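Single chain ahead, by itself, as structure tokens, in the form predicted alone.
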């Protein structure tokens, strides 16, 4: 199937992109790599009358050093992070995560912002950037900017808090020092498929942050409230997940519990224990 007809405009920068999408038309959509929107267009699940291409917008392709944080433009590609073409705020975690996203062809075109706006609950960036405490930077057509924690920016499966006319211009990530440890684990039947369960762990001894995140749960990633108890072993991963997701049968959480234990082991530097 071919997409429904649409107009295409290439934006020179974020301000022009926001102005083009904020003209009052509900049919305007932002596109960059098109790795998520493209298939939806082909299947006519999305029929925007106007696409605004931001893949050449210089300010959305840049990474800005803000001192203790880095601001990644929304149109930075997965491959640029994987290849080290842009700075890594985490000393390696971002490169590791980028290299696990689908296939290289997808990573060459897919963008950081595109993945977050698509808000697939199983997406690698959605889960790991929630664990990192990243912030979404959003602009409206009038030039006003608001910043929102990614944990709330992802409002639901394939839904964000973006309002009509707003665009995601970047993602702000705190720089992590050598004291920070992390782990990520996801279950897929084969490379490139959607994750059935995933988990991300951040332990930063310098800042005192301990964040355990469960992903691929058909809702936004969830931060487990009893992270310290899980890490110390006084609370099992299964019980922590049951408390956080009481509406789900324990058997459906088993794979998520394994993913969480694996991510914790990676963060702690323990050997891989396997999924059995």
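For clarity, every value in this text was computed on a predicted model and none was experimentally measured. Residue numbers count along the first chain shown, from 1.
The discussion below concerns the form predicted together with a small molecule, not included here.
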Q. Check 35, 54 and 103: does every one of them have a heavy atom within 4.5 Å of the small molecule in the model of the complex?
A. yes
Q. Considering 117, 94, 86, 150, which brings a non-hydrogen atom within 4.5 Å of the small molecule in the model of the complex?
A. 117
Q: With the small molecule left out of view, choose which of 31, 245, 63, 227 has a non-hydrogen atom within 4.5 angstroms of it in the model of the complex.
A: 31
Q | residue 123 within 4.5 Å of the small molecule in the model of the complex, heavy atoms | A | yes
Q.
Given that the small molecule is not shown alongside this chain, does residue 109 nevertheless sit within 4.5 Å of it in the model of the complex, heavy atom to heavy atom?
A. yes
Q.
Even though the partner isn't displayed, in the model of the complex is residue 183 close enough to the small molecule, meaning a heavy atom within 4.5 Å?
A. no
Q | Non-hydrogen atom contact residue 74 with the small molecule in the model of the complex at 4.5 angstroms | A | yes
(Q) Taking 4.5 angstroms as the heavy atom distance cut-off, pick the stretch from 162 to 170, 175 to 183, 199 to 207, 141 to 149 that is near the small molecule in the model of the complex. (A) 162 to 170
